[in-house]
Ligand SMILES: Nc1ncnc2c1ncn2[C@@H]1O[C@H](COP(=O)(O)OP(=O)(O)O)[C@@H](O)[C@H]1O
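Take a look at this single chain, the form predicted alone, given in structure tokens.
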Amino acid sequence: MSADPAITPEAIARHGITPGEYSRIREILGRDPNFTELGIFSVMWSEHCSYKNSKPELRKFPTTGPGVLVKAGEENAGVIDIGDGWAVAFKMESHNHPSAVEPFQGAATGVGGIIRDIFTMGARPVFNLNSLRFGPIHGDGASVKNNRRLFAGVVAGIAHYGNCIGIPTIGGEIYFDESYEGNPLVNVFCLGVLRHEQIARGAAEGVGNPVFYVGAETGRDGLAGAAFASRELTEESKEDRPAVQVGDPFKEKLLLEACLELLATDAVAGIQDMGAAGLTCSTCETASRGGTGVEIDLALVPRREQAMTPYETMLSESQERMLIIVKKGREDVVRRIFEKWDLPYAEVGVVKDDGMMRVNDHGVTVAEIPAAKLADDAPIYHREAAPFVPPAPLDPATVAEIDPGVALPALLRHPSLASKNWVYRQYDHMVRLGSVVRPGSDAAVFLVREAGKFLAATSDCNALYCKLDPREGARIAVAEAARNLACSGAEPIAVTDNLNFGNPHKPENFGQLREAVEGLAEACRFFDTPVTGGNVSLYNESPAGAIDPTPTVGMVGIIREESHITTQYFKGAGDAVYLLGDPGSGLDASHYLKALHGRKEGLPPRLDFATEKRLHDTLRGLIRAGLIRSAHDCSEGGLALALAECCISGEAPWGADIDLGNIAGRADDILFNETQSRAVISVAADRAAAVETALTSAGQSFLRMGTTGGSDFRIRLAGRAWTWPLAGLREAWYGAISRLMEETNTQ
């Protein structure tokens, strides 16, 4: 075996270790680290693993509540009670940088990693969501073609992994914007179900207990991926392909079943996914949580390539691997189960009482580090945050009015607002037969058959709002997620988040992060939705600059009765159509302004929590009373877009005749403003009086707008009228992304 490379100032810098951090490492060790130890510190003290730039901000989140069984930060995922002894574990993670370099494998292994986080908790994964962002895919030029390539690769990777492992992808969101040029965001979410007594922990407990490596063999794929995810993307990032893992969903399916079978025995004292930082993270974190030490011998680790160095073996992020602390005397249970599932396994070490992470190679010690210092004592930085400077309000006189007859089809064709069926047709969202509301409505609804519970889930973030006002944009992300759940008949129970921002060393970027976190925290406290955990993804910058701040919110809710499940589309002719909330005004930060005028300007709409909460409570009350037939959140694209989606998003489109009366103002402002706290509902004609009485009693503002029916969508406003045949609107909306992606295939 060749000698380790010399530890020079250049080598230290290449590992992302600052001079101050190196001094701290020397203090911890009482000596200089060797090359393997330097690599171990570099990944564990990266932002991806240590949150050294964001941890002070994350402490602002509410993380407790009567339903919280496992708090954020305690384990691989939070766990929330859903009643009758059942619980759910869910979490959102990012795989942004790997997906920029290798979109198929980057996205696929992101899905595999989040699934492992869930079954590591003892939960059976039952569904996935995702939140995706790309550069523009409409237009011409090399950058557009590259964005389409990234988009197609990411979607294919997600579909491949989820479909092969047999876990449905039932919802999510996708947006396209110039700020994600060359730096796509791939945020993936997984939820699993378990009994309270099945919660598993990732602690190395029991001195003398054997440590088992189980799952796929270790290779050189994914080397130092955690460190790679903690720096900016550059033109040279293609050289980082070795930092992108390669996944095998079929092996992960075997690993999932074997681990759940093993956890059903009394043989497991602790279990930890080998995700970011691989063996390094799993050994030091389990030891730190258990207040113990772990000693392993790399000579015993199953490997695909036998000539791997200790540095490579410890930093590899090969997929589909777990570390299991086994109760002494129960080793044969592990061997029997993993042989049954035809998976590699090996007893590689033992739990010690000295607090050290000790790594041997053929009996020679190659790394010896205090486990708790490595896992929990990374330096914490309080970065400079530039104060938020509100943008100037939009001057509407500078915005040329586009006739709504032209504007509405154009908005429906925009990839951010168009149907995402090109994407979800590639996902098997019906596997396990639990999808009650399929992709395309305000929230996905899934029947957890084991528990007899209906869960609703959504992911939301309007990054355009967050660019212009990060705090208000983050508040709206939480409110919109809760609104989507309310429109589906669900009561929110908890949140996970994925904080996607630029380089935190730049005061403007860190100021955005701080403002967004405080907005999220404020909203989560108001809506009583504790944060169960999530992910921070920083350094999302391409040579063109930082992405728009994107604090993605994943929210889960529960629907008490099957009859309460509600979808967004109109159900038939003759129903009364209402707007709950005020018509509103102001084109600031709207998709109309962005998509049709190319401008990101103005102040985002303001959110009033009390008004928003009244809307949610009113919607759920009407739904539980059986008074409404459809409900749809009014958000991106405004009222006209929401109404059009109600007409065309169902399998059987239904027209509508809408009369907005003599509301004063420009037609484009009234139809396309994005005022918050609004929803469109449809009501059977014979229930309209009862609905209006209930709305008045609740103090909910409303406007009766018209009636469903026919093959056209018609709006009348202040003496003007516009009519759109449904067939044309649906074709513009439903086929928009398919047409753009077919252009790539024919060029």
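Everything numeric here is computed off the predicted structure, so don't read it as measured data. Sequential numbering from 1, following the sequence displayed.
Beyond what is shown, the protein has a form predicted in complex with this ligand; the following relates to that form.
Only one segment in the set 437-445, 98-106, 177-185, 192-200 has any non-hydrogen atom within 4.5 angstroms of this ligand in the predicted bound form, and it is 437-445. Among heavy atoms of Ser635, some come within 4.5 Å of this ligand in the predicted bound form. In the predicted bound form, no heavy atom of Glu252 sits within 4.5 Å of this ligand. At a distance threshold of 4.5 angstroms between non-hydrogen atoms, Glu674 is out of contact with this ligand in the predicted bound form. Although the partner is absent here, Gly171 sits close enough that one of its heavy atoms falls within 4.5 Å of this ligand in the predicted bound form.
For the residues Asn484, Gln245, Ser590, Asn500, the 4.5 Å heavy atom test against this ligand in the predicted bound form is passed only by Asn484. With the partner removed from view, the residue among Lys352, Lys420, Arg525, His564 that has a non-hydrogen atom within 4.5 Å of this ligand in the predicted bound form turns out to be Lys420.
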